[in-house]
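This document starts with one chain, in the form predicted on its own, laid out as structure tokens.
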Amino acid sequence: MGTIRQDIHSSAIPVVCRECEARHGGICSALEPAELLRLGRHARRREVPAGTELVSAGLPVDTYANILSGVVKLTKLLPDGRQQIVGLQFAPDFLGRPFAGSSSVGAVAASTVRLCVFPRAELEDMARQSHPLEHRLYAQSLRELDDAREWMVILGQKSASQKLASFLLLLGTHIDPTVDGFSDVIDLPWTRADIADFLGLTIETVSRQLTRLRNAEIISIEKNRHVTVLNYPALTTEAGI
């Protein structure tokens, strides 16, 4: 008799979790079936449109969430009232700051976002009891730190064309949780103005660089936001990788 896989297809795991492919790489993959059942009793699915504020900087937080699909932008409010985009999150990232009463950054849906939301107190209590869950949360925090350091290099040292190519590679690698590796079809979650803000460029420069990549047949663009990567090696070269 063959070995029964103890994964999301196991009958011991809640149905809502068995149907969640995002949990393979998220924090829930560190949980045993009984722990998933416990968390599932308190979890609820939520779908929000682009522009919805998910976390308010400086305000008390009573829920955390797993991102099931879509893109979340992390923002920092500047003294003059402007907002700076400081990071991106994708499925199956964990949205929240464990063991902190509030977040230093805000979180806004950059596209339609599907979430699995659960109480902060429940998740933190489980993390105290489960070393694998605690380790997974810690590992994601370190990965986010590594990503932030890498993006500092991109913003500080790369040219405009390299920044935009690096941005497209970032999206293609993370935007579709069902694709292992790189997705060559990207629906840009932002306007040109948002992309310019994130990359530290002007809107005109972003538009010019996208046109250049299209004319070089490295990408194709339909309806301003639907991008298809036609030549992945060339795009990595453009990114300076």
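Source: prediction; values computed, not measured. The first residue of the shown sequence is 1; numbering continues from there.
Although it is not shown, the form predicted in complex with the DNA is what the next lines describe.
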item: The unique member of T205, S183, T63, S69 whose heavy atoms fall within 4.5 Å of the DNA in the predicted complex; value: T205
item: Contacting member of T191, S29, T173, T52, with respect to the DNA in the predicted complex [4.5 Å, heavy atom]; value: T191
item: Partner proximity in the predicted complex: G58 to the DNA, non-hydrogen atom cutoff 4.5 Å; value: no
item: Exercise: L201 in contact with the DNA in the predicted complex, heavy atom 4.5 Å; value: yes
item: A160: touches the DNA in the predicted complex, heavy atom cutoff 4.5 angstroms; value: yes
item: Residue contact check: H24 to the DNA in the predicted complex, 4.5 Å heavy atom; value: no
item: 4.5 Å heavy atom contact with the DNA in the predicted complex for all of Q209, R214 and N224; value: yes
